[in-house]
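The data below hold one chain only, encoded as C-alpha cells and taken in the form predicted alone.
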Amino acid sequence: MEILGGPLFGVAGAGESHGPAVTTIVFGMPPGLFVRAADIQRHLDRRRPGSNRHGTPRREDDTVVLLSGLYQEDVDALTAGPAVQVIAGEQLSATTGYAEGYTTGEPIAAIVLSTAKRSADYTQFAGPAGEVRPGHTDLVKHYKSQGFVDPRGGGRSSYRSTISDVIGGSLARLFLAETFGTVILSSICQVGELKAQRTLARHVEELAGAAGRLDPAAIATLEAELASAEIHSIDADFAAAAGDLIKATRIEGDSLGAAVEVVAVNVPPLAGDPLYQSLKLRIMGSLGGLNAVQGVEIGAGFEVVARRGSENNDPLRRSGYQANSHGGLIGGITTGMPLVFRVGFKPTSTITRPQQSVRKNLEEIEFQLRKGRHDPCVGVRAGVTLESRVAIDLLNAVLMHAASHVAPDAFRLFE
C-alpha cells in the first residue's frame, strides 16, 4: 500500500505520468487549521515541470483542486476554487473546488490534472518487444506487473507522482509553522563534481547560534535568497556555475547527479521514538525512497567516521545542545536543534547518448532514445519534495507524541 507517513498523519496518492490526473488523499490533519489552496499551490509551482529552465521542457499548470476536508460558514468563499467539469456525450457536470477554509479533521482530497502529455513519445518502450532504458524501471516493472504496465513517461514511477508528496507536505508544514514556527528549507549543494562553498546547514548554524532557532524575519530573508538563485541554492556563485554545467551536459545528451541539503528549523523537541518507530529511520527511509535517490546523510554524516567521540559529541548546557553534529535527532527523537539531511541523486537515467541495453524479451540491442522530455539533473526540482517528505513524517511524529500525553479535558462532552 502506497502511503507516506502514518499511522496518524499520512498521504495516499494515485496517478501515472500520462494519466488524466494525479489524485491525493491526506488523512489525519487536525481540525481548525485555516488552509488556502494558494498555500499549497506555491509549493506545487516549485515542483511543476517547466518551473525551472534547467529541468524538463514539459510544461504543466499543475493547478490543485481541493475537494474535501475544509469548511467555513461563508460558503461562497469556501467554494471559490477552480472549476471542474466532466463532459460525457451531451451531459455536462460541473462544480468548483475549495478555495479556503478550516480543516475539519476529515480526509482532504485533491486532484491535479495532467494536460501536457505526449504519449506517442513512448511507443519505443511499449509491449513485450519494447526497448529498455538503462538505469530506468522499464524492465523490472514490466516483469513485476506481468506485462500490464503503463510505459508512458515512466507511469507511476515518474517524478510526477510526487505531486501527492507536495500536497500532503504543504498541509503538514502549514500546521507545523502555525503551531511551532517550524520551517523546512532546502538547497542544492552539489551538481556533478561541482560543489557549493556556502552550505545551508552552516548558514543556518551561524544565524541560529546555540539556541538553534531563527526568527521569522531571518527565515523570510533566507527563503528569498534561495529563490533568487539560478537554481535553488544558498550559494549564488555555485548556482550560476551549476546552471552552465547543466546546460552543457544537456547539449551533450547526458545527465548529472546532484546533492541537496534539507534543513528544518524551529523544530519541536521530543517528537519521535527509538528503534522501530525511530524518526531517523522514518525520515531517512522516506528521503531515500524518493525517485533516483542513492544516499542520505544526517547531521555531520560520514564525516563522523574519522572523528573521536570527544570531537563528535555535542556539548550540553542547561540551555540545550551547543552544537549539532547529531543533526537534530538523537535516538530517533528530536532535540530541538535543526534537522539536517543531505540527499544524493544519481544522474537522470533517460539520456539521448547511445547505450547498451535489451528489449523486454531480453534481446540485446544498441539503445538510442528517439523522443522524450526529461530533466538533465533531477536534483534541480527535488528540493520541495524532500522538504514535503520531512514535513509529513515530522507531523506524524508530533501527533504520536501528543497521543502519549492524554489530557482528560479533551474528552469532556457535557458539563
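None of the values given here were measured: they were computed from a predicted structure. Residues carry their position along the shown sequence, with the first being 1.
Same protein, other form: the form predicted in complex with another copy of the chain, not shown, and the subject of what follows.
Although the partner is absent here, His203 lies well away from another copy of the chain in the predicted bound form, with no heavy atom inside 4.5 Å.
Asp215 falls outside the set of residues with a heavy atom inside 4.5 Å of another copy of the chain in the predicted bound form. Within 4.5 Å of some heavy atom of another copy of the chain in the predicted bound form lies at least one heavy atom of Lys346. Using a 4.5 angstroms limit between non-hydrogen atoms, Arg342 touches another copy of the chain in the predicted bound form.
This chain is displayed alone, yet in the predicted bound form one of Ala208, Ala196, Ile298, Leu185 has a heavy atom within 4.5 Å of another copy of the chain; that residue is Ile298. A single residue from the set Ala220, Leu270, Ala177, Ala241 has any heavy atom within 4.5 angstroms of another copy of the chain in the predicted bound form; that residue is Leu270. Relative to another copy of the chain in the predicted bound form, residues Val132, Ser161 and Ala402 are all within 4.5 Å by at least one heavy atom. Annotation for 266 to 291: interface residues with another copy of the chain in the predicted bound form are Pro268, Pro269, Leu270, Ala271, Gly272, Asp273, Pro274, Leu275, Tyr276, Gln277, Ser278, Lys280, Leu281, Met284, Gly285, Ser286, Gly288, Gly289, Leu290, Asn291 [heavy atom within 4.5 Å].
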